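Provided below as structure tokens are two forms of one protein chain, presented individually as structure 1 and structure 2.
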Structure 1
Amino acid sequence: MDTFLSILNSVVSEAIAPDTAAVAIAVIGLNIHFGFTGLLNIGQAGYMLLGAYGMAISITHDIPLALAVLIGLVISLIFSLILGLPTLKLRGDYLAIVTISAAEIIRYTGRLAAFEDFTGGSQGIFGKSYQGPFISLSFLGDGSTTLLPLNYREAGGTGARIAGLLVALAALAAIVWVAKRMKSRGSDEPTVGTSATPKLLLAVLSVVMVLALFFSFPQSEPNTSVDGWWVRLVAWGLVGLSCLIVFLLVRSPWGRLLRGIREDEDAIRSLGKNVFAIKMQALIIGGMFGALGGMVYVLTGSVQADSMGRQLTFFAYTALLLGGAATIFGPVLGAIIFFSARILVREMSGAYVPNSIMSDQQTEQFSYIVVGIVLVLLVIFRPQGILGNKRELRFHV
């Protein structure tokens, strides 16, 4: 039971970790690229790295936090322009090749000793040199804040924690279920806006889940002086905000254009729409989410070029396809499930497979092998992901 609880503990803390939220934001951006517009951006990690560098370097040069965030976003915008201008008029593969290469080059450049004064070379920029302004924004104080009668630093005994966990999981399951119901209802009669009840239900369930988690996992983020819950709140708050923005964008005629371009850009061109401009807008917006994700990603650690390499982009794709491309909540759900499932695989094989068969390092690698194969199987057998619409599937492009 203890092993089980500790596995569960690591799984859930991974699920709600700020890093997971950060990747979720980047996946939301990728969803705009790939899910809605059909742009094959295989360099989302490059956007993340740019955002992180932009923010961290600005702050170390005494620029205020808000401005630093803005600088990170602007840098990602410029990056989109550089990548998009030569490739967006061409077939999709070119964008794929250019983005994957450009992301690698950003990483190389970040590691370069020549820029060590800015990027810290291969060591990266240490968290403590840029996290200050963010931490000082915290209103949660030093941990004595209480919400309801409970203290978010101290949960009850094991029993209470298990109960909290179960409540959270139940809420999550309910959310998925309601969302799916909404989805299938919506596609039967797409013209009719969904009624308010399920939406309200979703909101209530989300709050329940967050509260349950809040009090079942009273640990602060390790390795930093950053208060765990402050980072988590901000990170997941940003996830929520990103979802809202994407929702507002894709239900509009602009969002319809994106989907049209994904289906057949020549058809859209023949209708007199400026496909290039719209693709560029999509690339920029998705890239900005990527940069924002990168900033959140480094809130608890350091800005290290190698931590945002090609693998991270591949994880993002797995998460996106897992949750369901071209859906609003798919990226978030996908990221949560992806990261917690990987930890689950790792911890399970760590706990139950003897060390003589798989060393600790190998369990880590094994979990990634599983990730790769899951990605393959997903694409083949369930390309619509968890939240995706099955009806869309019948027409392969």
Structure 2
Amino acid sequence: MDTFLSILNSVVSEAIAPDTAAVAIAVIGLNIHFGFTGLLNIGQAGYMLLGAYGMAISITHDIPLALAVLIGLVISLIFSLILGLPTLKLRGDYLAIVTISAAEIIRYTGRLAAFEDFTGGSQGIFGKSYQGPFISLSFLGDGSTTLLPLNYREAGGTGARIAGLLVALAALAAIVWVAKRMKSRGSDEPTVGTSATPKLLLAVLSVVMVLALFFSFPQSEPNTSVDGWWVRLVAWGLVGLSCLIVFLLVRSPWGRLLRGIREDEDAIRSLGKNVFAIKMQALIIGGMFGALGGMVYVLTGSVQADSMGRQLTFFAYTALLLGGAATIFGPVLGAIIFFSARILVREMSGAYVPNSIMSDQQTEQFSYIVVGIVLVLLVIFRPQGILGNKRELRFHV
């Protein structure tokens, strides 16, 4: 039991890790591309790498942090223009081939020895050369903090921990039940006269579940370090801000145009709308979210080209499909579940499967296999994802 609870503690730690938040931001951008507009972009990792390089190189050349972040965003904007102007008339597989090729060009360019003075070549840019200005902004002080201060250690030991876990599971079951009732009644649609009670109940249950999880699995981290609470606070704050921005965008007339282009761009063009311009705007905005995610991704490590290759884009798509495309919180939920589930499979395999059957290196590979199988089953039996809607799957790519 202690081993299993220790594994669950690692899962919770991974769920709130800065890297998880960084990928969630990038998936939010990918959701604008693929979920809302229908652009099959397989190069989101390229945007992340551009944002990371833009910020890190700027800081190493004594440019202030705020301006360095702006430079990273502007670079992603320029890249969107260069990529989109000749290619946004392409559809489906053709656009996918172009975007993945562009991302690979960026990755291999970053590895070139000719640019080693800027990008560090294959070794990359070490974190200590650019993390200082960000860490110095922390107002949390020294020492470490436990989340939550009131946890099972002060409330009775293992028994209280298990009770807290049961409360979290009960809250999760209640969330699922309420969500199904809302869907069966159609109260999840933005109709006039819809009661806000079910949504308020969902919010309360979600808070109860989160508090119960942190009661059972309190997280202790340094306040101010390269992997402490300051980085987590900023990273998840940016996730919340990104969700708010997307919420406002997709509920505007511009957002309705995105859905129209996704479903039938010829119909939108017949209404006199400039489809190419709208696609370009979506590509730029989603790319900026990707670049911002890349900046957060390297705050706890280093900027290394191979760490943001094709694999990271596939992770982003997995998280998007898992949480639900064309939803506001689907990308965040998908990213959390994807990384948490992988850690759960890996740690349980390492703890309960003998080394004679599966080594530690093989458990890492096995975790990706299991997550891949789950994704295949999800696409077959629930293609809209956890929070998605089947009516949002009408793509014209």
Partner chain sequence: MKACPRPPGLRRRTTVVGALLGLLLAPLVLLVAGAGSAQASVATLCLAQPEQTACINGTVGNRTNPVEGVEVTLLGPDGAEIESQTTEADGKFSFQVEEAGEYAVLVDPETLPDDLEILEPAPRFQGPEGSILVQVRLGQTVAPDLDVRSVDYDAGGASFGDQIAQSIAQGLRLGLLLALASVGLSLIYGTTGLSNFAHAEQVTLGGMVAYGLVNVGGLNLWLGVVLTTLICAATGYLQDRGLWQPLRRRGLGLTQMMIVTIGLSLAAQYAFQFFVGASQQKVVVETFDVVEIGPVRLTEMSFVAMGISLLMIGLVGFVLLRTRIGQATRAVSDNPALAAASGIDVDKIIRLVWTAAAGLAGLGGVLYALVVSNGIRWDTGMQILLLLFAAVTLGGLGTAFGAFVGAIVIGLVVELAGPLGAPGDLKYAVALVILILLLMVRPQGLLGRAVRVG
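Start at 1 and count along the sequence of structure 1; that gives the residue numbers used here. The term rigid core refers to the maximal set of C-alpha atoms that superpose within 1.5 Å between the two forms. Keep in mind it's a predicted model, so treat the numbers as computed, not measured.
Participant: Specify the structure that is the form predicted together with its partner chain; exactly one of the two qualifies.
Facilitator: Structure 1, not 2.
Participant: Can a Cα shift of no less than 2 Å be assigned to M288 between structures 1 and 2, given superposition on the rigid core?
Facilitator: Superposed on the core, M288 moves its C-alpha less than 2 Å between structures 1 and 2.
Participant: Rigid core superposed, CA of L172 - does it shift 2 Å or more between structures 1 and 2?
Facilitator: Result for L172: yes, a 2 Å-plus shift.
Participant: Classify G372 as shifted (yes) or not shifted (no) between structures 1 and 2, where shifted means its C-alpha moves by 2 Å or more with the rigid core superposed.
Facilitator: Comparing forms between structures 1 and 2, the G372 CA shifts at least 2 Å.
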